[in-house]
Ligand code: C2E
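The data below hold one chain only, encoded as structure tokens and taken in the form predicted on its own.
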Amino acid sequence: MIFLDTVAGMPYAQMPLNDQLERTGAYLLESISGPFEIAGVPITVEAAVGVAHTGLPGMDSLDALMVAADTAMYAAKRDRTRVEVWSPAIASTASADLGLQTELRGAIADGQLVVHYQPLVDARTREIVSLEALVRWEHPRRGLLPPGAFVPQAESSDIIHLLTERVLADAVAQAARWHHGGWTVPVAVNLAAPVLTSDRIVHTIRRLLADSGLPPYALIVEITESAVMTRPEQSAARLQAIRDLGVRIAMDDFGTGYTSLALLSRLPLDELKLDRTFVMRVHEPHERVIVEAVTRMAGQLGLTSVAEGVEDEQTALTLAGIGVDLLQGYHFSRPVPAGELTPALART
């Protein structure tokens, strides 16, 4: 039982019920957030709370309460609100998400997903060094959808495994065609947090490499800080198993999550990609200091440093002067279909 006396000067008991429940949920999250030390590594916990109570419409059974609370919890995770109390609006959104997930499952089976590729270039020579594979959905009614329109919903169900396997299969096959044609440019594919919780991804990568004949070093998998911190020990073990195949590992969006430096040094990484929020403000003195520090740290750890979101020549020159290894952004190329990249690759 949790006892709270006052919140913002108001007696807890006099607050509206939903406010009481939200405050209690927030209190629980604060209590379990950590950090907790595991094997000498400080670990923080990210969680979400969903709440349902009998005063809400339709909440007349334990089953209804559990379903509603689960729906509210996924809404809190999706919207990054941390705590949500169930409401008909949340239920409506959840129904829409379920409809999209059903459509997406059919889209994967019907070949509606397409992969575009964005180059990463050497900061000094401007030659293409690698490519990042980015999924799009050729929706029959809504046109070409960006990943933000469907990937977050996929991550809340087992569809994310099917989607990832589809993108991996297409990207590995395309990379193999380039490789066998003499363009030995590695291709990177993003792995979401749920994918790292299963050995399935290791077996999938091993099979795709064997079937395609693509050398393992020509595949890079990208993970985010938040994906690793969901289950640090399990994720690290899964990444090591992928690395043991000969595949390279990149940490994407570095600087926006909660990765401890102690954990970072233990992960089997090859690349560190600085988040675009720092890159966009690199001309500001304080932001430049951060970019310089991360670049030095990456070099000392033997990692390739990458700057995302490079949108102009001045930023590219500044980052090259700092010592960043690779640059990625619209200044060099938007994500484009594979066929549009072949001439560029032929010139490198």
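Start at 1 with the first residue shown and count on from there. In this text the structure is predicted, and so the values were computed from the model without any measurement.
Beyond what is shown, the protein has a form predicted together with the ligand; the following relates to that form.
Residues of just one listed stretch (48-56, 291-299, 22-30, 310-318) have heavy atoms within 4.5 Å of the ligand in the predicted bound form: 310-318.
Not one of A175, S212 and A218 is positioned with any heavy atom within 4.5 Å of the ligand in the predicted bound form. Checking S130, N190, T71, S235 for any heavy atom within 4.5 Å of the ligand in the predicted bound form turns up a single hit: N190. Residue L163 is the only one of I242, L163, L196, L269 with a heavy atom lying within 4.5 Å of the ligand in the predicted bound form. Within this chain, T204 is remote from the site of the ligand in the predicted bound form, having no heavy atom within 4.5 Å. For the chain shown alone, V185 is not a contact residue for the ligand in the predicted bound form, no non-hydrogen atom being within 4.5 angstroms. In the predicted bound form, S156 stays away from the ligand, with no heavy atom inside 4.5 Å. The ligand in the predicted bound form comes within 4.5 Å of a heavy atom belonging to E222.
Although the ligand is not shown here, in the predicted bound form the stretch 315-340 places heavy atoms of G329, Y330, P335 within 4.5 Å of it, in sequence order.
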